[in-house]
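Just the one chain here, laid out as structure tokens, in the form predicted alone.
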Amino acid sequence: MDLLRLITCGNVDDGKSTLLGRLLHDTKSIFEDQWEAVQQASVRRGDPATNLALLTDGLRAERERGITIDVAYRYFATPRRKFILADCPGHFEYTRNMVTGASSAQLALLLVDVRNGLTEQTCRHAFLASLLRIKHLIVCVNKMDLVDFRQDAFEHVRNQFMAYAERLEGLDIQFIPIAALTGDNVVEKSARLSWFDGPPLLYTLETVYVGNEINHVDARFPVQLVIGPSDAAPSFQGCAGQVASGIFRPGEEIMHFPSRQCARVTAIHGPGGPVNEAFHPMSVVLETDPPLPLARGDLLAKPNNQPTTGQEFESMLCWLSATPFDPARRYVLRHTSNAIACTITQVRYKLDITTLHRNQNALPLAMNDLARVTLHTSAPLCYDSYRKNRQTGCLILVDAADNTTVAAGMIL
């Protein structure tokens, strides 16, 4: 079975955690002790029925305040597919947590309360999903039970969203009416939504095709560990790491960056022995001839398909730290397996996610801000644009003084 990584996002109280709880419950993916703990917690809170949202809201502060704060990961499987679900918070102050959860997702479930329609936070999360190159977006028009399952209420929300979606790029958008609290159209098709001719949510998740999203064209292998000669293998030299994209095969010519020296792959070793080809997300050891001047953080690629190399480039940053950006502080850029000193030489503009307005005078960068910046590294960096390759186009910035992560970025 293949694996689908997905997130839930949307405005506060639009039903994200309840939907995940409903999916876990109706697919029988909950242990008995977990269900008993949720039942007891619901009684203590005075809830009229078992609160399914408590299956994902595990922090004490989340249960006390009734909101999602951190990203909660849950796992379940059906006969067709395995799933990793990330329940992202809806509050604006936790936008950085939503960006973290969405960075590895292939599909986003955007919850919309049918009574309220589109809100500012709904638009923010839809834009962030587009910016992070999540290609599949399912708009779940939730709480249909509160409007008597009326088709005109569903159509109104769909028309609202499609008017906004004209400004988004590269999204495959589907709309599904649901009632997460009662389970209508979540796992089984609901008779109360007979006017909707599409499948229920779970079937859509099981059958959506995501295999074409893996980049098998641009061969990139970041070096994590150099393996040199030893007493057991005096002539062995190779490097270990995870294939970021593309395909590597024995006998092919590769180029080493930054030296640009070429060599041939003589063998590829996987956990179970030699393999005939390696692709993402396989972790392998590449054996080369002749030996290359390898070091952690280097990159291997094909001579006819090279990454961009440079010390200055532009990136869209999401500021994650409570400490605002300070030009005087030193930062370390972490990119694949590489760590290199970096400075932000220019903040070109901050982006208002709701209106998509570019504000060139709103400084400094503060937590949850999204901005286009110019970065300068102390040595050349080998990279691709995030649009072309998510694996080699993403980065994080770390404060060199206290080693805290201050920003996540996408190379433009």
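Since the model is a prediction, treat every value here as computed from it, not as a measurement. Residue numbers here begin at 1 and follow the sequence given.
The next section is about a form of this same protein that is not shown, the form predicted in complex with a small molecule.
Listed stretches are 215-223, 120-128, 138-146, 290-298; the contact stretch with the small molecule in the predicted complex is 138-146, by a heavy atom cutoff of 4.5 Å. Within 4.5 Å of any heavy atom of the small molecule in the predicted complex lies no heavy atom of Q391. Taking non-hydrogen atoms only, I396 never approaches the small molecule to within 4.5 angstroms in the predicted complex. Although the partner is absent here, A180 sits close enough that one of its heavy atoms falls within 4.5 Å of the small molecule in the predicted complex.
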